[in-house]
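Single chain ahead, by itself, as structure tokens, in the form predicted on its own.
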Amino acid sequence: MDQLKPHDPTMMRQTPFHSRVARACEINQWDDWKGYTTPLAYTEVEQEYFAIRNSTGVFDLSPMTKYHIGGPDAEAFLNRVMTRDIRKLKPGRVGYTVWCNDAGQVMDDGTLFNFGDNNYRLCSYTRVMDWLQWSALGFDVSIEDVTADVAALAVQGPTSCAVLKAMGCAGLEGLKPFGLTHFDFEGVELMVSRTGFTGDLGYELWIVPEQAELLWDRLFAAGKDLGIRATGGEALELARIEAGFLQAGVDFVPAEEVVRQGRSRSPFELGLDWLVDLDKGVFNGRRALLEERMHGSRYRFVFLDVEGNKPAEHSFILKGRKEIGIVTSAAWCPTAKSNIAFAQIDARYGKAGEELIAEVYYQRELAWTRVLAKCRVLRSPVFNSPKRRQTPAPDY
């Protein structure tokens, strides 16, 4: 019997938007996102990327792991497992956060939605139901996996607000970054959050699966004259690297998935120290993080501008002849016109402006070529659109 290919869509779950996604996916390039079939690209990666940067790109977010966390102790529980002070996250707001194991190593990052009245939604890369339930012992809290119960789209780019207003989301321009609001959509609730993974103006839409296909149709009809385009994982990858956003499973190994000792990272080692509130009281990993703050970290996370236009994927980073780190993500970023890499390096190196070497390998005809490319440590990501924070949002 013939065996199916690993990413054959028939082997995987389909999102509520799949009928529309499959129709738009002209080149039939699919990936496996946590057991769901999802497109790497629909037509041309470059065109999809430029839709994100110049008009509106739409990405199917439905496979993202989603947990509803509620009950009298929901806030106290989340404050116990998250590194940031959840008490400061007000109702109607969304917060970026990380959570650690007892050794202070990052298990995952994600977004936390506060719906008020001790009701939250946690969106993450990993599936952590067992860990959440173990951590909830002693708390009056309920935890439910609602991944399959919520259909989601990322609508990102300079014309995204205009598209959504044309679809009927009146007044959306007043929504602040990391805010959320609700609209009626054919008798059901459409939640819109001003969040995203592209570093530009953008929103995420959340709705019951039964109305997913109609939402897709209305959205694309509204954006027909505003450059709307379906975008796959490869275009989103370019945008998130340009914006300096980390990806779990790529830029760090979630602590619960580590096989070899020393492969996990702390928030400090990922440049996420701004998400750690050591003064809020007890939380998972606090003791280890206090010790790390006192004695120093092993690694430093850096952004690199690499000479040339060959992406430095999986490259070693050198200081002179000494290997000091490794690249985790890399791409030629079209808007920034830069060859950008993320790297984890020895904490003794990597101050802004420091010159390093990337040992880049690429295939040329039938042979592999080795290039020692100069690279410079950047102070910040190369793409930082003011539209990301602008309120009222541009709605042209």
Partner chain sequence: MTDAHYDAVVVGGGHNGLVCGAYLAKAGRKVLLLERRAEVGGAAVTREFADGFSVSACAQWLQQLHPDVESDLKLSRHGLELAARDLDTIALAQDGAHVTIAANGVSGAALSDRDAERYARFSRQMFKFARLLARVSERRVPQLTEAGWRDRIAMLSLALGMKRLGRADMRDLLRIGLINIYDVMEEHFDNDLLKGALSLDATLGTHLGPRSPNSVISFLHRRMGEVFGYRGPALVRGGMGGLSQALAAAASACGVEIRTEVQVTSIDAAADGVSGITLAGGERIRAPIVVSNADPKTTFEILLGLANVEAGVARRVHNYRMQGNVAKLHLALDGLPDFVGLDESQLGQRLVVAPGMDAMELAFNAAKYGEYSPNPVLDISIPSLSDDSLAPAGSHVLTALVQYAPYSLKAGWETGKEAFTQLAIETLKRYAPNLRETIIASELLTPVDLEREFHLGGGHWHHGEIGLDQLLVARPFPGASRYAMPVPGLFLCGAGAHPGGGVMGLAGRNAAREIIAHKPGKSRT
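As the structure is a prediction and not an experimental result, all values here were calculated from the model. Residue numbers count along the first chain shown, from 1.
Below, we refer to the form predicted in complex with its partner chain, which is not included among the displayed structures.
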Worksheet item: Quick one: of 218, 319, 176, 286, which gets a non-hydrogen atom within 4.5 angstroms of its partner chain in the predicted bound form?
Response: 286
Discussion item. Give me the residue from 93, 80, 165, 298 that has a heavy atom within 4.5 Å of its partner chain in the predicted bound form.
Written reply: 80
Worksheet entry | All of 126, 244 and 249 with a heavy atom within 4.5 Å of its partner chain in the predicted bound form | no
Practice prompt. Please run the contact check for residue 211 against its partner chain in the predicted bound form: heavy atoms, 4.5 angstroms, yes or no?
Written response: no
Worksheet item: Might residue 116 be said to contact its partner chain in the predicted bound form, defining contact as any heavy atom within 4.5 Å?
Response: no
Discussion item. Can you tell me if residue 274 lies within 4.5 angstroms of its partner chain in the predicted bound form, counting non-hydrogen atoms only?
Written reply: no
Worksheet item: Using 4.5 Å between non-hydrogen atoms, is residue 72 touching its partner chain in the predicted bound form?
Response: no
Practice prompt. Could you tell me which stretch in 192-200, 133-141, 226-234, 165-173 has residues with non-hydrogen atoms within 4.5 Å of its partner chain in the predicted bound form?
Written response: 133-141
